[in-house]
Structure formats: structure tokens, C-alpha cells
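Here you'll find one protein chain in two forms, each presented separately as C-alpha cells under the names structure 1 and structure 2.
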Structure 1
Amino acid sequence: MDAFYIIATASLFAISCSILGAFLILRKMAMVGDAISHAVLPGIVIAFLFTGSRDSITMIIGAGILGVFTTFLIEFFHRRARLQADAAIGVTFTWLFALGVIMVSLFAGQIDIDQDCVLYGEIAYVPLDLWISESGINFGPRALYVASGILIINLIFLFIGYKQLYITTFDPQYAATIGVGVTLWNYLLMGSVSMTTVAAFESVGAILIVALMVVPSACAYLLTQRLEQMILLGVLISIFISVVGYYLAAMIDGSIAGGIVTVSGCLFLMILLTQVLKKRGAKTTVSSPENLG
């Protein structure tokens, strides 16, 4: 049953990440998830200083506020300071992460947390953090409910805003001329990324979330040029790497997160190699003597 809980949690979070990751890749902002996962450290420290509690909800709220603030800074630097998107991301997350490290060092005597406990969750611990009612009823792992809730919210967001996200991703100038709020939908997308990242990193770890936000959608991007198919393929790839990655880790008695990321990386390389060979084969066929006549 533990294996089911771990695979289910990883798959649910991976599906959420792949849905959002498709838009991030097309907007050339794939590393926003990485920026948020590091930049939330000051928010966690501030939340503890105000409440004196290490409760998960408190930490998530503090991290969530910083996550939204991170997306605001990235957009501000990108649009107002006219920095490239990757430069805006780099400046924002390194500055906020460094600020968080300093805050942890300054208040180390008051705060029983460190950078590792904040940033590197362990998905293997998912079956141990159970939701047990006051009457003693065991409802299963908390992370499974969090992952399910996040996925439902992201699916609703995709269903309601698919047209707006599509237009603002591929042709923001046209979207602006027909009255679609480009900035508004960009912030809504970044807010969803922030929510998903913050909710997931405590349970499955920041490194795994960054990989899930990028690699499945990157694999799908190599296989299709249609957004609907890209999202669907990303979802299927997410489930595949979650299942295979878990059993790879179990087979070698290694890190589950490491197994999932390794499988995703190998799958990406396989797809990339296949596409390169396919294109070379097509060029050879077109340029052969039989086809020139």
C-alpha cells in the first residue's frame, strides 16, 4: 500500500506540473518553478517568526505569499526593467534565496529549521504523514489529498482559461487587441505555478517538482506541435515516469525522487534521439537519386 500512496502522490503532482509546464515552456519560462522553490525560504522564516509554529499550513501560507511575490518581481524585472525572462528569473530567485539563508543564519537559535528541511522533501515519507481524525479514523496520507486538491484546482483553471492562456501564449499582441488581459492571465498562470510548487515541495521535494514542471512537457514538445496533444502527452509521460521511476528506485534501493528524475531524463534523451534520427532519415529520403527525378 505504501508503494501505491507514493506513486499516486507523485503522479498527481506530476500531472499538475505537466499541465502548467506546457505553457511555461512555450513562454520560455520553464525555470520559474525552480525560482519559486528557492525563493520561498524567506516566507517560511517570516511565517515562523510571526506565528512561532512549524505547522505545515503556516509554512505553506508564508511560502505561498513569497511565491506570488516572486512571480511579481520576475514580471516586473522582465517588463519594466526589460530584462530577458531568464535573467529576471535568475536575479529574483538568487536574491530571495540568499536573503532566506541569511535569515535562517540570523535566527538559527529561534528557528528549528534549515535550508535542507525546507527545500528537500522526501517522497518516501508520504505514507508516514497520515491524516487521522480526532476519533482515530485514518484517512491516509495528507500529501495525497493535497496533490488531489491541487490537481482539481489546476484542471478547473485550465478548463476556464484555456482560450485565454492559448492566445496570450502564442500571440500576446493579438490578445491585447481583442481585449484579453495579457498581464492578468500571466499573473494567474504564475500564481498557479507558485501554488503548485509550494504545495508540492514539502511532500516530494523541490528538485523533483522542478523536474516534473519541465521534463514531461519538454518530451511532449518534441513529439507534437499541437497544444492539446502536448498537454495530454505530458500527462501520460508524467504517470509513466512516476511509476517506472519508483520501481527503478525500489530495485536499486535508491532515492525515489532520484529514480523518477533519472527516468524522465533518459526518456527525454530517447525521444530527442528518435526525433533527430527521424529528421535525418526524412532528409536522406528526399535527397536520394530516386526522389530527384
Structure 2
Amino acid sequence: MDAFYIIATASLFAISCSILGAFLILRKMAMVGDAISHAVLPGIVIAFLFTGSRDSITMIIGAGILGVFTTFLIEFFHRRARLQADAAIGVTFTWLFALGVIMVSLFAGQIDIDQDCVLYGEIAYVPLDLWISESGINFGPRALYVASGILIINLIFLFIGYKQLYITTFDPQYAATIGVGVTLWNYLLMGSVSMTTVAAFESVGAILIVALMVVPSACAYLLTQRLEQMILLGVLISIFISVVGYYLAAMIDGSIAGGIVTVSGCLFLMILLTQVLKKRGAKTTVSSPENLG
């Protein structure tokens, strides 16, 4: 049962990440996902200091606000200060993350968060943190509920906003001329990224979250030429890497999150290789003499 809980939690988070990641990649903003995943740290600490609770919802709200603030800062540095986009991202998130690290060490006595946990997470603990009602009924691991909730929110977001996300991603100028709020949808997407990141960071860690945002969608991008299919394939790949990654980790007795991302990286390389070979194959058939005549 533990294996099931871990795989299910990982899959649900990975699916959420891949849905958002598809849009991030197409907006050439994959590294913004990276930035947000690090920059939310001070938000988490502040949320904890204010409320004194470590429950997920407080933290998600705190981090969500910081995430949107990060996006705002990046846009601000990029547009107003005329800094290159990548430099703006680099300045913003390292600074905010450093702030978070200092806060964690400063309030270390009061906060039950340590830096290892923030960076690497530990999905193996998922089955230990159970949601048990006052009457003593065991509902299963808490993280599973958080992951499901986040996925439902992301699916609703995708369902309602698909058209708007699609058009603002493909051609933001045109979208603005027909009256679609380009800035609004950008911040909604970044808000969802922040929310998903912070919900998942306890389990998967801030660094590996980035992999879940980018790699499954990048694999899907190589495989298809339609956005709907890209999202769907991203979801399937997310489930696949969660299952295989878990058993890889179990086999070598290593980190589960590490296993999942290792598998996703290998999968990406394999897909890339087959695509390259396929293209080369197509070229040779075209240029071979019997096809030219």
C-alpha cells in the first residue's frame, strides 16, 4: 500500500506540473518555473511566522503570493530596467531564495523546515503523514489529498482557460487586440505554477519540481504537433516516469524523487534519439535515387 500511496502522490503532482509546464515551455518561460520554485521559500517562512502553522493551505497561500510577486519582479526588471529576460530571472530568484535560506536559518528554532527538505524533499515519507480524523478514522496520507486538490484546481484552470492560455501563448499581441487580458492570464498561470510548486515541494523538493515542470512536456513536445496532444502525452509520461522511477529507486534503495527525474531524463534522451534517427531516415529516403525519378 505504501508503494501505491507514493506512486499516486508522485503521479498526481507530476501531472499538475506537466500541464502547466506545457504552457511554460511554449512561452519560453521554463526557467520562470525554476525561479518560482526557489523564490517561494521566503513566502513559506513568512506564512509560517505569521500563522504559526505548518498546514499546507497557509503555506500554499504564502508561497502563491510570493510566486506572483516573483513574476512581477521579473517582468519589472525586464521591461522597466531593460535587463535581459534571463538576467532578470537570475537576479530575482537567487535573491529571493537566499532571503528564504537566511530566514530559515535565522528562525531555525521556531520553524520546522530545514534546507535539505526544501531542496530535495522526501516523497518516501508520504505514507507516514496520515490524515486521521478525531474519531480515529484513517483517511490515508495527507499529501495524497493535497496532490489531488491541486490537480483538480489545475484541471479546472485548464478547462476554463484553455482557449485564453493557447492564444496568449501563441500570439500575445493578437490576443490583446481581440480583448483577451494577456497580463491577467500570465499572472493566473504563474499563480498556478507557484501554488503547484509549493504544494509539491515538501514531497519532491524545489529542484526536482523544475524537472517535473519541464521534462515530461519537453518529451511530449518532441512527439506531437498539436497542443492538446502535447498536454495529454505529458500526462501519460508523468504517470509513466512516476511508476518506473519509484521501482528504480526501490531497486537500488535510493531517493525516489531522484529516481523519477533520472527516468524522465533517460526517457527524454531516448525520444530525442529516435526523433533524430527518424528525421535522418526520412532524409535519406527522399534523396535516394529511386525516389527522385
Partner chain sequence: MKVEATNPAVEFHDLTVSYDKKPVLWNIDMTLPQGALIGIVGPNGAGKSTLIKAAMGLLPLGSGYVRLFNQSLDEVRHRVSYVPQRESVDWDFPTSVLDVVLMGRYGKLGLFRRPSNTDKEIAMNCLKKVGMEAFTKRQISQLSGGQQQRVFLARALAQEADIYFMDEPFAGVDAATESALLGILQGLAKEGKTVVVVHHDLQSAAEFFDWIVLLNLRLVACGPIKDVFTNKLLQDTYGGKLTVLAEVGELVKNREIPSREKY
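Everything quoted here is computed from the prediction, not taken from an experiment. The term rigid core refers to the maximal set of C-alpha atoms that superpose within 1.5 Å between the two forms. Counting starts at 1 with the first residue of structure 1 and goes up one by one along its sequence.
- Note that the form predicted on its own is the one shown as structure 1, not structure 2.
- Positional change of residue 102 between structure 1 and structure 2 reaches 2 Å or more at the C-alpha, relative to the superposed core.
- Once both forms are overlaid on the rigid core, the distance between the two CA positions of residue 142 between structure 1 and structure 2 is under 2 angstroms.
- Comparing the forms between structure 1 and structure 2 on their rigid core, the Cα displacement of residue 267 stays under 2 Å.
- Once the core is aligned between structure 1 and structure 2, the alpha carbon position of residue 78 differs by 2.9 Å; this is the C-alpha shift at that site.
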